[in-house]
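Encoded as structure tokens, the following chain is the form predicted on its own, with no partner shown.
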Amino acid sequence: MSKPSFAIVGCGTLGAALGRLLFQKGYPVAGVASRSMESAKRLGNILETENIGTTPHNITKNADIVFITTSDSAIEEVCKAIALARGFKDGAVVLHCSGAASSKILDSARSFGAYAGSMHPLQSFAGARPGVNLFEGILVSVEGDAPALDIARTIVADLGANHARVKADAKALYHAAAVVASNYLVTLLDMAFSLNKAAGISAEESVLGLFPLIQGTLGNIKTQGIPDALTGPIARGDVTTIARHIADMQEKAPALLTLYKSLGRATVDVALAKGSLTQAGADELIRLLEA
């Protein structure tokens, strides 16, 4: 069975990476559109198509699948402009790749006879390079109309990824989880580096010391799950050690104390779920961390 044709609207990093992989997997190219003709030409050359331009509805009108891979803030307006210009063929599938928004922002495509959905890869494409499949083994969240879901799942499988269906009205929560796991991890490590700096340990030494610990913790989460991967003073109910942390931070790193206490308070609940902390120990830690 022949594969459906696709068009890319938005030739940035994600659009280019997705288009290149679909082309390599044998999906016919209907065309590419971008705000700048230069980026459209660049991707068009890679995908071996001359159907390029800066007016999306001229590019998308014959495509079976239309990927709108513009910035999140532009997706809805771009979709509306294509729909009003009759740029979606009847029965086409329109997909966006935003993590926070649902397929509701593609309602204008639905009103003109297309099916809508979202397909968000849990991956950073900042370092995307030709010949590297950044979809391999990752999780892609999907939601939308049934025909759009079918197409999205097939594409995800063809690209070597896994899929999970997310509730349309909870996409923001799903995206927040990704932000916590990725972006806030950077902030958390910045905090750890800052505490080490206050203790006289350089950033280079922090990398050497903390990264094996981080990797070991991630490995434990993968094999044992949460909460069993939790170790440390709160898991043990070691109130004395936590009190020392707080006292030293009050003197040497007061700006980090509020965040430390908030994280510690949340960790008490994880320790209780693990079963390594008694309720009496938890109550004592909570009093200390909420003081």
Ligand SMILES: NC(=O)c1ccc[n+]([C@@H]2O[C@H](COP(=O)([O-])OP(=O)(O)OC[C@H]3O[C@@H](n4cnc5c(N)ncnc54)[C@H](OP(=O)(O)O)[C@@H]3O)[C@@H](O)[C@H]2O)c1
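Heads up, when I say rigid core I mean the largest set of C-alphas that superpose within 1.5 Å between the two forms. Worth saying up front: this structure is predicted, and the values here are computed from it rather than measured. When you see a residue number, it is the position in the sequence shown, counting from 1.
Another form, the form predicted in complex with this ligand, is not on view; read the next lines as being about it.
Remark: G281 does not count among the residues lining this ligand in the model of the complex, judged by a heavy atom distance of 4.5 Å or less. Mapping the unseen interface onto this chain, I221 falls outside it, with no heavy atom inside 4.5 Å of this ligand in the model of the complex.
In the model of the complex, I75 approaches this ligand with a heavy atom inside 4.5 Å. Though the partner is left out of this view, S39 does reach within 4.5 Å of this ligand in the model of the complex, counting heavy atoms only. From the list 44 to 52, 30 to 38, 227 to 235, 242 to 250, the contact stretch for this ligand in the model of the complex under a 4.5 Å heavy atom rule is 30 to 38. Taking a 4.5 Å heavy atom cutoff to this ligand in the model of the complex, the contact residue among S194, Q123, S206, S108 is Q123.
Interface residues of 87 to 103, taken as those with a heavy atom within 4.5 Å of this ligand in the model of the complex (partner not displayed): C97, S98, G99, in sequence order.
Relative to the superposed core, N183 shifts its CA atom by 2 Å or more between the shown form and the other one.
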